[in-house]
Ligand SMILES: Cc1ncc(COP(=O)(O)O)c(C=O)c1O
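Single chain ahead, written as C-alpha cells, the form predicted alone.
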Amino acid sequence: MRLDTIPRISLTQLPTPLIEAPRLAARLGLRRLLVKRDDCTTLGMGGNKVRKLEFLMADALEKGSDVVMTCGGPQSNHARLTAAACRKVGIERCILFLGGPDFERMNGNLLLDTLFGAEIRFMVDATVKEMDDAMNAEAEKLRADGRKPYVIPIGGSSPQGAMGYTSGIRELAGQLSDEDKSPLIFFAVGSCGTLTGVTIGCRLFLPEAEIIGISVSRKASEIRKIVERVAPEATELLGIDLPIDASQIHVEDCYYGERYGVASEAGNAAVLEMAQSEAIVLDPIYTGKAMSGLMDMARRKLIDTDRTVIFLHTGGGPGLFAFDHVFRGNAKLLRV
C-alpha cells in the first residue's frame, strides 16, 4: 500500500484529540461516547478539510501550480480552508467560485475568505455543475495566459482528497483501546470525500467498525453513486485491490431538513445540547445536523447503545457566526 508515499504536506498538528463526552452519553443512554476533534486542526480555524488539503496541496505544488480554484456554498468550510492552505504553502492566488442564496454580510467563512485574500466569484443560486463549468472555463483562460491552475472539486472530493480520511482513520485506530475497536462512527456527509476516505480507512484499519453517515445535502442514492465513482480511483492511488460496495454503506438522509445550507430545528437543538452538555461547538449546517441524527437514533434505540460511539467532529465553527439569528431567541439576556 502506497499511503505513506503519496505526496503530502503538513498543514496541521496531528493527531487531533479524541475525548470523552460523558454527560451527553448519559443523556442519550450510550455506554460510551467519544468525539474525534477534527475541528481542532490548526489551519485557518480548523476543520476536516485540512486532512484532504494536505494531499491536494502537495499535488498542486508537485505540478507547479500557481493558482488554486475550488467551489462551494457561501459559507463553505472547504473554500475557507483552501484559501488558508494557499497562504500556508505560498500559492498567492486562490479563486473561490461560490454559489447559493445571495447575502448582504461578509460574515462567518466569507469574512475569513476575505482575510485570506481569496478572489470570490459569487454565482447566485448556481448549481455545482454551473460552478464546475465556470471553474473549468477560467482554468482554460489561465492556461492560455501561461498560468498553471489547479482545480479542486467541491469539498475536495477526489482520490487525493480521500487519502485525508484513509490516513485519518489509521490515526483514530491508533488512539483506540482494543475494547473500542468495533465502534459506531457518526459524521456529516456532504460532498462525499470524507465518506469515501473513512470507508476505505475502516476497511483497512478498523474492519469491525460500523460507519453511519448523516447526509446534510442529498439523498443516499446520490451519495452512493459519488462513492462508487471516487473509491476505485482512490484505491488505485493506494496501489491496492479493495472493492468498495457502495450499496452496503450506511447513510441516513432524513436529517438535513429543508435543503443544504438551511438550518433545521433538530440540528439547532443538537447544537445547543452539545454546547450545554459538553462545551463543544457545532454548526447548524454540517455537524449540528449530523449530531441530531446520532441523538435521534440513540434515543429511539436504532443503534446498539452498548457499543462505543464515535462522533467525528468535522468542524464548521466559523460558519456558526453567520447564523446568529437562529439562536438569538435562546439568549438569556437581561439589560440592567
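Since the model is a prediction, treat every value here as computed from it, not as a measurement. Note that residue numbering begins at 1 and tracks the sequence as displayed.
Only in words, not in the display: the form predicted in complex with the ligand, which the text now covers.
K.L.:
Consider the chain as shown here, without its partner, and state which of V189, M163, I152, A85 has a heavy atom within 4.5 Å of the ligand in the predicted bound form.
P.N.:
Looking at V189, M163, I152, A85 one by one, just V189 meets the 4.5 Å heavy-atom criterion.
K.L.:
Has each of T16, F55 and S167 got a heavy atom lying within 4.5 angstroms of the ligand in the predicted bound form?
P.N.:
Result no, not one residue of the spot touches the ligand.
K.L.:
Within 4.5 Å of the ligand in the predicted bound form, counting heavy atoms only, one of 226-234, 116-124, 100-108, 193-201 shows up; tell me which.
P.N.:
Only one stretch passes the 4.5 Å heavy-atom test: 193-201.
K.L.:
Is there a heavy atom of N48 no more than 4.5 Å from a heavy atom of the ligand in the predicted bound form?
P.N.:
Yes, N48 lies within 4.5 Å of the ligand in the predicted bound form.
K.L.:
For 295-326: residues with a non-hydrogen atom within 4.5 angstroms of the ligand in the predicted bound form?
P.N.:
Read in sequence order, the residues that approach the ligand (within 4.5 Å, in the predicted bound form) are T314, G315, G316.
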